[in-house]
Every structure is written in C-alpha cells, then in structure tokens.
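Given next, in structure tokens, is a single chain: the form predicted alone.
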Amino acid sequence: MSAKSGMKSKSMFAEMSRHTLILFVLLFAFFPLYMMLQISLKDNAQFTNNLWLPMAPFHWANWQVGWLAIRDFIANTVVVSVFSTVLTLAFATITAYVFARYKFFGSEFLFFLLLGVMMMVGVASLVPLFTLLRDLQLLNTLTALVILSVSGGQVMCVYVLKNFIEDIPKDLFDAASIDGAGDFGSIWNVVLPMSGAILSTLGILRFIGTWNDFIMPMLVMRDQKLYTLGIGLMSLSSGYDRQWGPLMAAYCIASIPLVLIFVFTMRLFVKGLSSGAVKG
C-alpha cells in the first residue's frame, strides 16, 4: 500500500511539474502581448507613472492613430507576401517535379548544388544583391522584394516537395499520361491534389517569413510610402518624442494577421507536418 501511495505521489508531482512548466512557458510567451495591449491604451504620462499595469482612463484613440500610421505598410506587406508565396510555391513545385520525375545527366549534382545554397550565409550576399538590383533599376520597388523572397524560398520548398513527389505512386502519373496529360497536366491533376497539405504548410511558412522580413526591405527600400511592416515599425520607433500608446497600438495591429493565421490554419499546419513525416 505504501509503494502504491509513493508511486501515486510521484505521479502527482510529475503532473504538477509538467503543468507548472507549461504555465511558465505560456506566461513567458504571452507577456510581451500583454505589455503591448496595456501600453497601447495609455498616454505618455500613464506610461511613465505605471509601466506594468493598466490604468484608467483608457485611450482607445491610440488604436486609430496607430492604424493610420501603418495601414500603408500593411498593404505593401500583404502585396509582397501574397505574390511571393504564390510564386514561390509555383516555381518550387515545377522544379521539384523535374528533379523527382526525371533523371538526366547532372541532375543529382544540380540538386546538391541547390542544397548547398542552404549553407550560405545570407548576409554575405547583401552587397552583390544591392549592386545587382541597382544595375537592374529595381531598387525602391516592391517587385524587388517579391523576386528576392521567391528566389530565397526555393531551396527549402524544392527539397521538401521533391521528397514528397518521389513518394507519390508512379501508377498515378502513368494513368494521367494515358489520359493524355503532359507534365503540367500531371502537376495539376496528380501533384497538387496529393500535396495539398504540405503545400499549405510551406505556404504558411513562406507567408510568415516574408511578413516578418526586415533585412531585405531595409536593403531595397528608400521611399517611406513603400515600406513594409518591418522597417515601417522601426521608422515609427525612431525619434526622441515617442508616443508609446499609438506605437504599441501599431505593433498590436501589425501582429493581428499573424495571430489569425495561426488560429485558423493551425490544424492545417499540423496536418501538413504529419503528412510530411509519414511520407518521409
């Protein structure tokens, strides 16, 4: 009886320790969000007098000021993120299909050469990239950000999709070929329906990565009207006379799209990861 009670107490202790750890991680993760929310409803005097706790009266007008400050940044970021995500997945799917379905002279070398790009330090290529974009007259354009994001996202997407396409039964491709489908028909009728979960996962990752990108917009952009959120929020944070309420409201507004993506696509994201794990 004592042994059973000892095991029960150990089990309860382990359960309490696990829940305590989870609670600590959640508090650590949500604490910045709490700080942003409560500071976004303060003026500078309230911010100085009480940094950690909410204070009445609440200044809801800060959110209107914050929205007006970043709405153009959000529009630019949405354009860049959507176009870059769609084009990245389109080109990566075609490239992965070629590597997975065709074995030609030098194909393995080209694939491993592509994987070698993953080991390159991105910051080391900033000067050549700037020179190239300047020569192509693409500086200070959203087109440059789309091109950079699409090219930068190819390696990971091609690597994942190639392994996934190789595991699709060849009988499906043979059936599509008998029905008269060419390569693009096979991609449309076989690869896309079979790879929907993993494509969605890669799309979410690419969208979030482009949304949060900071270095490339800093390199390319000069006109404040074309700023994306990363450098746009930084420009609002600069200066000596900071209005902390509107600034934190702007940060909260900027985080809302990512929160919605996680809320509404988490199940799809997990499905894509588990599907990739089974396929791999």
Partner chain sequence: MWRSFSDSIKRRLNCYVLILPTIILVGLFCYYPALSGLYYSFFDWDGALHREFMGLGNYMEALTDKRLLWAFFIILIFVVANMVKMIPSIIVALAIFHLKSKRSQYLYRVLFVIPMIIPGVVMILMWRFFYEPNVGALNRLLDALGIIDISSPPMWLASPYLVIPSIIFMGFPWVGVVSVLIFLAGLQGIPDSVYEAADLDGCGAFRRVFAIELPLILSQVRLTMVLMIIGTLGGFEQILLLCNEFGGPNGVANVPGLYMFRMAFMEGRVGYACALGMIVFLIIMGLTIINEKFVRIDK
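All of these numbers come straight from a predicted model, not from anything done at the bench. Positions refer to the first chain, counted from 1. Heads up, when I say rigid core I mean the largest set of C-alphas that superpose within 1.5 Å between the two forms.
There is also a form predicted in complex with the partner chain; it is not shown, and the following applies to it.
Looking at I39, you'd find a heavy atom of it within 4.5 angstroms of the partner chain in the predicted complex.
Proximity of P54 to the partner chain in the predicted complex: non-hydrogen atoms within 4.5 Å are absent; the residue sits far from the partner. Residue contact with the partner chain in the predicted complex: K170 places no heavy atom within 4.5 Å of it. Using a 4.5 angstroms threshold between heavy atoms, F31 counts as touching the partner chain in the predicted complex. Considering the partner chain in the predicted complex, the lone stretch of 191 to 199, 160 to 168, 73 to 81, 145 to 153 in range is 145 to 153 [heavy atom distance within 4.5 Å]. Contacts with the partner chain in the predicted complex, taken as any heavy atom within 4.5 Å, map within 199 to 230 to I208, W211, N212, F214, I215, M218, L219, G230. Superposition of the core reveals a Cα shift of less than 2 Å for T143 between the shown form and the other one. After superposition on the rigid core, the Cα atom of F130 is displaced by less than 2 Å between the shown form and the other one. When the rigid core is held fixed, the Cα atom of G106 travels 2 angstroms or more between the shown form and the other one.
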